[in-house]
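What follows is a single chain, given as structure tokens, in the form predicted alone.
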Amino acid sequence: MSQPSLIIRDLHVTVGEKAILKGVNLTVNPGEKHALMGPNGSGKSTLSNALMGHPNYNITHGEVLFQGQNLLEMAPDERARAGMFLAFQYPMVIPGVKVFQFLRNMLQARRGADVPVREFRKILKDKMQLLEMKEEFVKRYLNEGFSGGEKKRHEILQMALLEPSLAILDETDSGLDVDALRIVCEGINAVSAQQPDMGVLIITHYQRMLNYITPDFVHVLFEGRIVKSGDKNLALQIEAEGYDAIEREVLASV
């Protein structure tokens, strides 16, 4: 049996003087899709930033293993090259940088070697066809003038090119209308089908993204801890009853 893509044990994280994560435990195996849900302020984005090595997030206790390696000893760029990918909630606009060049530089950094233009064009064309994206897209400047849906589709194109072992999607559904959400989720499903060993951690407030992407596991993060786990029916329960019902359940068990 292959080793887990990600193991998080008793992870504690502070931002400044404030404790945000207070003992998170989570295991993601190759090919599994996990959804992490929770109300505002529960620590969902803190977890994604801490995993990628953001300097403002201080890990005070715990252990994180990525493909058997101690993730906490790796610099952010080393984590990315090792196969960890983060799709941002709010992708940055970088005027003057063409999407084509950005993507080529990104793939070269992942491989640690030059990728000739002719080879890269073929790889890029194949991935864009997979995601049903027009070639004109890569001639634009990075996220400049992009709609919310275009920014998120570009993130999924990055994921397709990098072929990560673990993809963390931090509120990818944020700011998307119904049509854009469907298109982005179809892209995620297409990449997952092509890369069946890729683990996926979907961080979201709402169940609506899970209408298109069926998770193997759903976890609820509340006040810095995962307090409940289940299958897709847990997300449906949250949609129907809200997070207050989960909070009452947790408090009743204390």
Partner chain sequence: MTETLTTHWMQAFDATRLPQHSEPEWLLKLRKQAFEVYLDMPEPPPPQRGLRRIPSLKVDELSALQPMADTESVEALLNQRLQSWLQTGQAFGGQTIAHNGQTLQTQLKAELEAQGAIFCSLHEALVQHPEQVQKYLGSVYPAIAGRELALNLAYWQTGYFLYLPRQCKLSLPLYALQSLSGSGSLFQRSLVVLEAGAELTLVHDAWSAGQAAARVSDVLEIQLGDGAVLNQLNLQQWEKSVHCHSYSQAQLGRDARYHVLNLASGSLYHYLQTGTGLAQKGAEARLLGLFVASGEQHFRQQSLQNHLSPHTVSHLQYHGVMRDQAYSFYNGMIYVAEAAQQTESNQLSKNLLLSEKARADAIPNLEILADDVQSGHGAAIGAIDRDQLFYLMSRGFGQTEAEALITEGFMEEVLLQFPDARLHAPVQQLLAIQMLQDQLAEAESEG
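Numbering follows the first chain given and starts at 1. What you see is a predicted model, and the numbers here were worked out from it, not measured in a lab.
Another form exists, predicted in complex with its partner chain; not displayed. Remarks below refer to it.
Taking the partner from elsewhere, G148 is found to have every heavy atom lying beyond 4.5 Å of its partner chain in the predicted bound form. Within this chain, H54 lines the site of its partner chain in the predicted bound form, having a heavy atom no more than 4.5 Å away. Residue contact with its partner chain in the predicted bound form: P76 places a heavy atom within 4.5 Å of it. In the predicted bound form, its partner chain sits within 4.5 Å of a heavy atom belonging to A80. With its partner chain omitted here, the record of contacts in the predicted bound form names 82-90 of 128-136, 82-90, 169-177, 113-121, defined by a heavy atom within 4.5 Å. The contact with its partner chain in the predicted bound form, taken as any heavy atom within 4.5 Å, belongs to N49 out of Q195, N49, N29, Q207. For the partner-free chain shown, F102, N105, M106, A109 of 100-124 come within 4.5 angstroms of its partner chain in the predicted bound form, judged by any non-hydrogen atom.
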